[in-house]
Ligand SMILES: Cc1cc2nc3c(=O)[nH]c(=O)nc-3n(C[C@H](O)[C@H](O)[C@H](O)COP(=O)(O)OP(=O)(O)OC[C@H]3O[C@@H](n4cnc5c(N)ncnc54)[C@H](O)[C@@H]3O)c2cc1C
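Below, in C-alpha coordinates: the form predicted on its own, a single chain.
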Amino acid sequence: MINLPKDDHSCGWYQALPPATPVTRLKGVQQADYAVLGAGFAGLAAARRLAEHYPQARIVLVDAQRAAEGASGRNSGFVIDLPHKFALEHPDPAHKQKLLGLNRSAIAQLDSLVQRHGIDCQWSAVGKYQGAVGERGEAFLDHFEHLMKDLGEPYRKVDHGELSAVLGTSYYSRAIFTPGGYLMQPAALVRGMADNLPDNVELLEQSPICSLQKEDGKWRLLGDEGEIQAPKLLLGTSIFTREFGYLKNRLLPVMTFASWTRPLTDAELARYGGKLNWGLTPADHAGTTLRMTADRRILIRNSYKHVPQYGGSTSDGMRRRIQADHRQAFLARYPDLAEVPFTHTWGGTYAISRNFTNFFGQLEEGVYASACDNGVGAAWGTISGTLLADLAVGADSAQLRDIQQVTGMPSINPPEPFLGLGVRSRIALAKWQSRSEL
(Lines give C-alpha, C1' and ligand atoms only; values in the text may rest on other atoms or scores of the structure.)
Protein backbone atom coordinates (compact mmCIF):
# COMPACT_ATOMS: atom_id res chain seq x y z
CA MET A 1 0.00 0.00 0.00
CA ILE A 2 1.34 3.41 -0.91
CA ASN A 3 0.84 6.60 1.05
CA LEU A 4 -1.33 8.98 -0.96
CA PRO A 5 -1.88 12.71 -0.51
CA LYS A 6 -4.39 13.34 2.26
CA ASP A 7 -6.27 16.61 1.90
CA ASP A 8 -7.52 18.04 5.18
CA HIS A 9 -9.42 20.86 3.41
CA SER A 10 -7.51 23.34 5.57
CA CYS A 11 -5.66 25.32 2.90
CA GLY A 12 -6.75 28.95 2.90
CA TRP A 13 -5.54 29.60 -0.65
CA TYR A 14 -7.69 26.78 -2.03
CA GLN A 15 -10.72 27.51 0.15
CA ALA A 16 -10.69 31.13 -1.09
CA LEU A 17 -11.19 30.01 -4.71
CA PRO A 18 -14.59 29.91 -6.39
CA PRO A 19 -16.09 26.43 -6.89
CA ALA A 20 -14.12 24.24 -9.28
CA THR A 21 -15.45 23.00 -12.59
CA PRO A 22 -16.85 19.43 -12.65
CA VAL A 23 -14.17 16.80 -12.20
CA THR A 24 -13.17 14.18 -14.77
CA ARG A 25 -11.89 10.98 -13.16
CA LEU A 26 -9.93 8.05 -14.52
CA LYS A 27 -12.27 5.29 -15.63
CA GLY A 28 -11.58 2.32 -17.87
CA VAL A 29 -8.45 1.82 -19.93
CA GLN A 30 -7.00 5.04 -21.34
CA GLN A 31 -4.38 4.90 -24.10
CA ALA A 32 -1.93 7.79 -24.32
CA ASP A 33 1.28 8.72 -26.06
CA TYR A 34 2.55 10.28 -22.84
CA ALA A 35 1.34 9.98 -19.25
CA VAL A 36 2.20 12.69 -16.73
CA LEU A 37 1.63 11.92 -13.05
CA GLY A 38 1.09 14.88 -10.74
CA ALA A 39 -0.73 18.12 -11.67
CA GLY A 40 1.40 20.57 -9.73
CA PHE A 41 3.84 23.08 -11.21
CA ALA A 42 6.11 20.38 -12.65
CA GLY A 43 3.39 18.15 -14.09
CA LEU A 44 1.44 21.03 -15.61
CA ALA A 45 4.58 22.41 -17.25
CA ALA A 46 5.60 18.98 -18.55
CA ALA A 47 2.18 18.27 -20.06
CA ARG A 48 2.05 21.69 -21.72
CA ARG A 49 5.52 21.31 -23.20
CA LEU A 50 4.78 17.82 -24.53
CA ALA A 51 1.68 19.23 -26.23
CA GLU A 52 3.77 21.97 -27.81
CA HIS A 53 6.21 19.41 -29.18
CA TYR A 54 3.48 17.05 -30.44
CA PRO A 55 0.11 18.79 -30.96
CA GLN A 56 -1.39 15.56 -32.36
CA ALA A 57 -0.26 13.34 -29.49
CA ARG A 58 -2.60 12.32 -26.68
CA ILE A 59 -1.24 13.40 -23.32
CA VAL A 60 -2.96 12.34 -20.12
CA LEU A 61 -2.23 14.28 -16.92
CA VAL A 62 -3.48 12.58 -13.77
CA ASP A 63 -3.57 13.63 -10.11
CA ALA A 64 -4.82 12.05 -6.90
CA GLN A 65 -6.48 15.34 -5.89
CA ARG A 66 -7.99 18.34 -7.63
CA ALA A 67 -5.38 20.56 -9.22
CA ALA A 68 -4.20 23.14 -6.63
CA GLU A 69 -5.17 21.04 -3.62
CA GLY A 70 -1.65 19.63 -3.31
CA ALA A 71 1.68 21.17 -2.39
CA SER A 72 1.84 23.53 -5.39
CA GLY A 73 -1.27 25.33 -4.15
CA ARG A 74 -0.12 25.42 -0.51
CA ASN A 75 3.05 27.52 -0.51
CA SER A 76 3.40 31.11 0.64
CA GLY A 77 2.90 32.61 -2.80
CA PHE A 78 6.48 33.51 -3.77
CA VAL A 79 8.09 32.87 -7.15
CA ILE A 80 11.76 33.52 -6.43
CA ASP A 81 14.34 34.21 -9.11
CA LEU A 82 17.47 34.00 -6.97
CA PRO A 83 19.22 30.75 -6.07
CA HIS A 84 17.48 29.78 -2.86
CA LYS A 85 18.99 29.34 0.60
CA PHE A 86 21.80 26.77 0.42
CA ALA A 87 22.03 27.01 -3.39
CA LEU A 88 23.08 30.64 -2.95
CA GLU A 89 26.08 29.40 -0.95
CA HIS A 90 27.39 27.28 -3.83
CA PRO A 91 31.11 28.00 -4.41
CA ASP A 92 30.85 27.99 -8.22
CA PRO A 93 29.55 31.31 -9.64
CA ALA A 94 28.64 29.60 -12.94
CA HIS A 95 26.42 27.14 -11.05
CA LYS A 96 24.50 29.99 -9.45
CA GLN A 97 24.16 31.84 -12.74
CA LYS A 98 22.65 28.74 -14.32
CA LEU A 99 20.11 28.51 -11.48
CA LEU A 100 19.31 32.19 -11.87
CA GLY A 101 18.73 31.79 -15.59
CA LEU A 102 16.51 28.75 -15.11
CA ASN A 103 14.42 30.47 -12.44
CA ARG A 104 13.95 33.59 -14.57
CA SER A 105 12.95 31.49 -17.55
CA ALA A 106 10.27 29.91 -15.34
CA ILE A 107 9.03 33.33 -14.22
CA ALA A 108 8.81 34.51 -17.82
CA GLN A 109 6.89 31.36 -18.73
CA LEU A 110 4.43 31.81 -15.87
CA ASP A 111 4.03 35.51 -16.64
CA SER A 112 3.20 34.69 -20.26
CA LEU A 113 0.57 32.12 -19.23
CA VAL A 114 -1.03 34.49 -16.71
CA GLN A 115 -1.29 37.26 -19.30
CA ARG A 116 -2.37 35.05 -22.21
CA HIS A 117 -5.14 33.29 -20.31
CA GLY A 118 -6.14 36.14 -17.99
CA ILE A 119 -5.48 34.03 -14.86
CA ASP A 120 -6.73 35.95 -11.83
CA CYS A 121 -4.10 34.99 -9.25
CA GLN A 122 -2.77 38.25 -7.77
CA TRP A 123 0.28 37.92 -10.05
CA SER A 124 2.60 40.79 -9.09
CA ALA A 125 6.16 41.79 -10.01
CA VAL A 126 6.81 43.42 -6.64
CA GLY A 127 10.05 41.75 -5.50
CA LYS A 128 10.53 40.61 -1.92
CA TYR A 129 12.09 41.58 1.39
CA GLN A 130 14.63 39.54 3.33
CA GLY A 131 14.07 40.65 6.92
CA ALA A 132 15.88 40.48 10.24
CA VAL A 133 14.51 40.89 13.76
CA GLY A 134 17.60 41.00 15.97
CA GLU A 135 21.33 40.34 16.09
CA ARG A 136 21.11 36.77 14.82
CA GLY A 137 18.95 37.78 11.87
CA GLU A 138 21.14 40.78 11.09
CA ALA A 139 24.22 38.56 10.93
CA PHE A 140 22.43 36.39 8.37
CA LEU A 141 21.34 39.53 6.52
CA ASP A 142 24.94 40.78 6.32
CA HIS A 143 25.93 37.41 4.88
CA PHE A 144 23.08 37.60 2.36
CA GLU A 145 24.32 41.03 1.25
CA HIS A 146 27.78 39.57 0.72
CA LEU A 147 26.33 36.76 -1.39
CA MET A 148 24.31 39.23 -3.47
CA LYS A 149 27.44 41.27 -4.18
CA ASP A 150 29.27 38.13 -5.29
CA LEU A 151 26.34 37.20 -7.53
CA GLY A 152 26.28 40.68 -9.07
CA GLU A 153 22.55 41.05 -8.57
CA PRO A 154 20.75 44.27 -7.65
CA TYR A 155 19.53 44.78 -4.11
CA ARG A 156 18.61 47.63 -1.82
CA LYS A 157 19.08 48.06 1.91
CA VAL A 158 15.87 48.97 3.73
CA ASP A 159 16.22 50.64 7.11
CA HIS A 160 13.92 50.24 10.08
CA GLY A 161 11.75 53.30 9.35
CA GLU A 162 11.11 52.51 5.69
CA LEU A 163 10.49 48.84 6.45
CA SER A 164 8.00 49.66 9.23
CA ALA A 165 6.02 51.88 6.83
CA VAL A 166 5.71 48.99 4.38
CA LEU A 167 5.01 46.19 6.85
CA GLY A 168 2.80 48.10 9.27
CA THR A 169 4.93 46.84 12.17
CA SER A 170 8.15 47.99 13.85
CA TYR A 171 9.05 44.39 14.76
CA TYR A 172 11.82 44.07 12.15
CA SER A 173 15.12 45.93 12.47
CA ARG A 174 15.99 46.10 8.76
CA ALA A 175 15.81 44.22 5.49
CA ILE A 176 17.27 43.79 2.04
CA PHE A 177 14.94 44.20 -0.93
CA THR A 178 15.53 42.23 -4.13
CA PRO A 179 13.45 43.23 -7.16
CA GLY A 180 13.27 40.04 -9.25
CA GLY A 181 10.74 37.97 -7.31
CA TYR A 182 7.01 37.75 -7.95
CA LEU A 183 4.04 37.20 -5.64
CA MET A 184 0.86 35.29 -6.48
CA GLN A 185 -2.06 33.31 -5.12
CA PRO A 186 -0.66 29.80 -5.67
CA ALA A 187 -3.91 27.83 -5.74
CA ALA A 188 -5.45 30.31 -8.20
CA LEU A 189 -2.37 30.13 -10.42
CA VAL A 190 -2.29 26.32 -10.46
CA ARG A 191 -6.01 26.05 -11.14
CA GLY A 192 -5.78 28.69 -13.85
CA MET A 193 -3.05 26.76 -15.62
CA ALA A 194 -4.96 23.50 -15.24
CA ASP A 195 -8.09 25.11 -16.71
CA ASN A 196 -6.16 26.33 -19.76
CA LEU A 197 -4.19 23.29 -20.87
CA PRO A 198 -3.68 22.61 -24.60
CA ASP A 199 -6.51 20.74 -26.32
CA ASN A 200 -4.55 17.48 -26.60
CA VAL A 201 -3.94 17.28 -22.83
CA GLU A 202 -6.63 15.52 -20.81
CA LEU A 203 -6.62 16.21 -17.09
CA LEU A 204 -7.92 13.46 -14.80
CA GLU A 205 -8.36 14.47 -11.16
CA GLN A 206 -9.29 12.70 -7.93
CA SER A 207 -7.76 9.64 -9.56
CA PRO A 208 -4.99 8.25 -7.36
CA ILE A 209 -2.54 5.92 -9.07
CA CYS A 210 -1.79 3.03 -6.75
CA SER A 211 0.87 1.16 -8.71
CA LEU A 212 2.98 1.18 -11.85
CA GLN A 213 3.61 -1.82 -14.06
CA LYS A 214 5.40 -2.30 -17.34
CA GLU A 215 3.93 -4.63 -19.93
CA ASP A 216 4.65 -5.06 -23.66
CA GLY A 217 6.69 -1.86 -23.81
CA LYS A 218 4.05 0.28 -22.13
CA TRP A 219 3.70 1.66 -18.65
CA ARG A 220 0.43 0.90 -16.89
CA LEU A 221 -0.70 3.43 -14.29
CA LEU A 222 -3.23 1.52 -12.22
CA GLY A 223 -6.02 3.31 -10.35
CA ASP A 224 -9.10 2.12 -8.50
CA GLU A 225 -11.45 2.37 -11.48
CA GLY A 226 -9.16 2.38 -14.48
CA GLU A 227 -5.67 2.57 -15.87
CA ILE A 228 -3.56 4.63 -18.25
CA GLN A 229 -1.27 2.92 -20.73
CA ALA A 230 1.58 4.89 -22.29
CA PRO A 231 5.08 4.14 -23.57
CA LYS A 232 6.55 7.13 -21.70
CA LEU A 233 5.82 8.33 -18.19
CA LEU A 234 6.83 11.66 -16.66
CA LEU A 235 6.68 11.98 -12.87
CA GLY A 236 5.95 15.41 -11.40
CA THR A 237 5.34 13.81 -8.03
CA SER A 238 8.06 15.38 -5.85
CA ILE A 239 8.17 13.55 -2.52
CA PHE A 240 5.59 10.99 -3.70
CA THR A 241 8.09 9.70 -6.28
CA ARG A 242 9.41 7.38 -3.60
CA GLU A 243 5.97 5.77 -3.23
CA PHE A 244 6.50 4.22 -6.67
CA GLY A 245 9.88 2.77 -5.69
CA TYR A 246 12.13 5.50 -7.09
CA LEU A 247 14.65 7.48 -5.02
CA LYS A 248 13.24 5.46 -2.15
CA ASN A 249 15.86 6.23 0.50
CA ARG A 250 16.97 9.59 -0.81
CA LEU A 251 14.07 12.01 -0.18
CA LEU A 252 12.99 13.55 3.12
CA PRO A 253 9.33 14.56 3.53
CA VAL A 254 8.98 17.85 5.38
CA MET A 255 5.84 19.90 5.94
CA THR A 256 5.87 23.61 6.64
CA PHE A 257 2.79 25.36 8.00
CA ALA A 258 1.05 28.69 7.50
CA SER A 259 -1.93 30.52 8.99
CA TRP A 260 -3.74 33.55 7.65
CA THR A 261 -6.41 35.99 8.72
CA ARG A 262 -9.65 36.92 7.08
CA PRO A 263 -9.39 40.09 4.95
CA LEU A 264 -8.93 43.16 7.12
CA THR A 265 -11.80 45.61 7.34
CA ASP A 266 -11.30 49.26 6.38
CA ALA A 267 -10.94 50.19 10.05
CA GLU A 268 -8.42 47.40 10.68
CA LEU A 269 -6.51 48.35 7.57
CA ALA A 270 -6.24 51.92 8.83
CA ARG A 271 -4.88 50.64 12.17
CA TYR A 272 -2.46 48.37 10.35
CA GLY A 273 -1.05 51.38 8.52
CA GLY A 274 1.22 49.50 6.10
CA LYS A 275 0.98 48.65 2.43
CA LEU A 276 -0.76 45.82 0.61
CA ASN A 277 0.80 43.07 -1.47
CA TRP A 278 4.28 42.44 -0.15
CA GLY A 279 6.23 39.42 1.01
CA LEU A 280 9.07 38.99 3.50
CA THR A 281 11.22 35.91 3.95
CA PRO A 282 13.45 35.53 7.00
CA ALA A 283 17.17 36.22 6.84
CA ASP A 284 17.49 33.36 9.33
CA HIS A 285 16.29 30.35 7.34
CA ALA A 286 14.29 28.94 10.26
CA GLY A 287 12.56 32.24 11.00
CA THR A 288 9.10 33.44 10.03
CA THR A 289 7.83 34.22 6.55
CA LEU A 290 5.33 37.10 6.48
CA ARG A 291 2.88 38.14 3.76
CA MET A 292 0.28 40.80 3.28
CA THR A 293 -1.81 39.69 0.34
CA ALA A 294 -3.42 41.90 -2.26
CA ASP A 295 -6.81 41.06 -0.73
CA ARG A 296 -5.85 42.26 2.78
CA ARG A 297 -4.92 38.98 4.51
CA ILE A 298 -1.89 38.67 6.78
CA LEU A 299 -0.11 35.32 6.49
CA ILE A 300 2.37 33.86 8.97
CA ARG A 301 4.48 30.85 8.04
CA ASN A 302 6.88 28.93 10.24
CA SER A 303 6.92 25.52 11.98
CA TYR A 304 8.46 22.52 10.23
CA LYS A 305 7.57 18.88 10.79
CA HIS A 306 8.98 15.58 9.56
CA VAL A 307 5.98 13.81 8.00
CA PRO A 308 6.89 10.27 6.88
CA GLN A 309 3.25 9.63 5.90
CA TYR A 310 2.64 13.15 4.56
CA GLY A 311 -0.86 14.33 5.46
CA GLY A 312 -1.34 11.11 7.40
CA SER A 313 1.31 12.32 9.85
CA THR A 314 -0.68 15.42 10.81
CA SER A 315 -3.78 15.89 12.94
CA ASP A 316 -6.26 18.56 13.96
CA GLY A 317 -4.47 18.76 17.32
CA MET A 318 -1.14 19.39 15.64
CA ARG A 319 -2.62 22.21 13.55
CA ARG A 320 -4.20 23.77 16.66
CA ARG A 321 -0.82 23.78 18.42
CA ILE A 322 0.88 25.24 15.37
CA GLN A 323 -1.83 27.88 15.02
CA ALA A 324 -1.19 28.88 18.64
CA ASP A 325 2.50 29.39 17.79
CA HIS A 326 1.52 31.39 14.72
CA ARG A 327 -0.79 33.47 16.88
CA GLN A 328 2.10 34.44 19.14
CA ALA A 329 4.15 35.48 16.09
CA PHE A 330 1.19 37.48 14.75
CA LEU A 331 0.53 39.30 18.04
CA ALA A 332 4.22 40.14 18.43
CA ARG A 333 4.06 41.93 15.08
CA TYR A 334 0.50 43.28 15.11
CA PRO A 335 -0.74 43.74 18.70
CA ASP A 336 -3.24 46.38 17.53
CA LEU A 337 -4.96 43.71 15.42
CA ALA A 338 -5.41 41.21 18.26
CA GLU A 339 -9.13 40.79 17.52
CA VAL A 340 -8.50 39.67 13.90
CA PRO A 341 -8.86 35.88 13.80
CA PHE A 342 -7.03 33.26 11.78
CA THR A 343 -9.42 31.47 9.45
CA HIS A 344 -7.14 28.69 8.18
CA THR A 345 -3.98 26.85 9.20
CA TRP A 346 -2.47 24.45 6.70
CA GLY A 347 0.65 22.54 5.82
CA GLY A 348 2.27 21.61 2.54
CA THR A 349 4.62 18.68 2.04
CA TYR A 350 7.79 19.00 0.03
CA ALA A 351 10.94 16.96 -0.56
CA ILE A 352 14.40 17.87 0.61
CA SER A 353 17.64 15.93 0.38
CA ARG A 354 20.50 15.71 2.82
CA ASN A 355 22.93 17.09 0.24
CA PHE A 356 20.41 19.72 -0.98
CA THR A 357 20.56 18.26 -4.48
CA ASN A 358 17.60 18.29 -6.88
CA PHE A 359 16.94 15.19 -8.99
CA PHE A 360 16.20 15.65 -12.68
CA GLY A 361 16.43 13.00 -15.36
CA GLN A 362 15.62 9.49 -16.48
CA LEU A 363 14.96 6.87 -13.81
CA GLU A 364 14.70 3.91 -16.14
CA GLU A 365 13.64 3.24 -19.71
CA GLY A 366 10.57 5.34 -20.47
CA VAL A 367 10.36 6.96 -16.99
CA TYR A 368 11.49 10.53 -16.29
CA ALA A 369 11.23 12.56 -13.11
CA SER A 370 11.78 15.90 -11.51
CA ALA A 371 11.84 15.32 -7.77
CA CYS A 372 13.16 17.05 -4.66
CA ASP A 373 12.65 20.78 -5.09
CA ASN A 374 14.25 21.54 -1.70
CA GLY A 375 11.51 24.07 -0.95
CA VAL A 376 11.56 26.10 -4.20
CA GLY A 377 8.50 24.70 -5.89
CA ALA A 378 6.97 27.34 -8.15
CA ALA A 379 9.93 28.39 -10.29
CA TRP A 380 11.85 25.13 -10.06
CA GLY A 381 8.79 22.98 -10.71
CA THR A 382 7.87 25.02 -13.76
CA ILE A 383 11.26 24.97 -15.44
CA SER A 384 12.16 21.40 -14.45
CA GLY A 385 8.82 20.10 -15.75
CA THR A 386 9.29 21.98 -19.00
CA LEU A 387 12.78 20.65 -19.55
CA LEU A 388 11.82 17.15 -18.46
CA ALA A 389 9.44 17.07 -21.42
CA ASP A 390 12.29 18.19 -23.66
CA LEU A 391 14.43 15.37 -22.31
CA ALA A 392 11.67 12.81 -22.86
CA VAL A 393 11.24 13.77 -26.53
CA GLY A 394 14.96 14.21 -27.22
CA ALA A 395 14.88 17.98 -27.76
CA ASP A 396 18.30 19.37 -26.83
CA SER A 397 18.82 22.95 -25.65
CA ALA A 398 21.26 25.07 -23.67
CA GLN A 399 18.76 25.19 -20.80
CA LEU A 400 18.46 21.41 -20.76
CA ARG A 401 22.21 21.14 -20.48
CA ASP A 402 22.17 23.75 -17.70
CA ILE A 403 19.63 21.91 -15.60
CA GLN A 404 21.51 18.65 -16.06
CA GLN A 405 24.67 20.35 -14.79
CA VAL A 406 23.09 21.83 -11.64
CA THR A 407 21.17 18.69 -10.58
CA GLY A 408 22.31 15.30 -9.40
CA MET A 409 21.51 12.39 -7.14
CA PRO A 410 20.18 13.09 -3.64
CA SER A 411 22.30 11.36 -1.03
CA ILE A 412 21.17 8.18 0.72
CA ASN A 413 19.42 8.62 4.06
CA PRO A 414 20.21 6.60 7.17
CA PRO A 415 17.63 3.92 8.03
CA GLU A 416 14.72 4.42 10.37
CA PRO A 417 14.39 5.04 13.27
CA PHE A 418 17.67 6.99 13.06
CA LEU A 419 16.45 9.08 10.13
CA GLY A 420 13.30 10.30 11.86
CA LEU A 421 15.14 10.94 15.11
CA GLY A 422 17.83 12.92 13.31
CA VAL A 423 15.38 15.03 11.28
CA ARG A 424 13.19 15.82 14.28
CA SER A 425 16.25 16.73 16.35
CA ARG A 426 17.59 18.97 13.61
CA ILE A 427 14.23 20.77 13.24
CA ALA A 428 13.98 21.24 17.02
CA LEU A 429 17.53 22.61 17.18
CA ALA A 430 16.88 25.05 14.32
CA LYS A 431 13.71 26.27 16.04
CA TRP A 432 15.57 26.84 19.30
CA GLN A 433 18.48 28.60 17.60
CA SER A 434 16.11 30.84 15.64
CA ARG A 435 13.71 31.57 18.50
CA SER A 436 14.64 35.27 18.51
CA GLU A 437 13.62 35.53 14.82
CA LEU A 438 10.27 33.73 15.06
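Numbers follow the displayed sequence, beginning with 1. Please read these numbers as outputs of a predicted model, since none were measured by experiment.
What comes next is about the form predicted together with the named molecule, which is not displayed.
Enquirer: Are any of the heavy atoms in residue 72 no more than 4.5 Å from a heavy atom of the named molecule in the model of the complex?
Expert: Flag for residue 72 set to yes.
Enquirer: Quick one: is residue 278 in contact with the named molecule in the model of the complex, heavy atoms, 4.5 Å cut-off?
Expert: It does not: once the named molecule is placed as it appears in the model of the complex, residue 278 has no heavy atom within 4.5 Å of it.
Enquirer: Given that the partner is absent here, does residue 59 sit within 4.5 Å of the named molecule in the model of the complex, heavy atoms only?
Expert: Result no; residue 59 lies far from the named molecule in the model of the complex.
Enquirer: Please determine whether residue 131 contacts the named molecule in the model of the complex, using a 4.5 Å cut-off between heavy atoms.
Expert: No, residue 131 is distant from the partner.
Enquirer: Which residue, 261, 349, 169, 358, has a heavy atom that falls within 4.5 Å of the named molecule in the model of the complex?
Expert: None of the other options qualify; the answer is 349.
Enquirer: Exactly one residue in 319, 301, 297, 96 has a non-hydrogen atom within 4.5 Å of the named molecule in the model of the complex; which is it?
Expert: Checked against the cut-off, the match is 301.
Enquirer: Looking at 22 to 30, 393 to 401, 409 to 417, 61 to 69, which one sits within 4.5 Å of the named molecule in the model of the complex if you count heavy atoms only?
Expert: Flagged stretch: 61 to 69.
Enquirer: Even though the chain is shown alone, can you say which residues of 203 to 241 have a heavy atom within 4.5 Å of the named molecule in the model of the complex?
Expert: Read in sequence order, the residues that approach the named molecule (within 4.5 Å, in the model of the complex) are 207, 208, 209, 236, 237, 238, 240.
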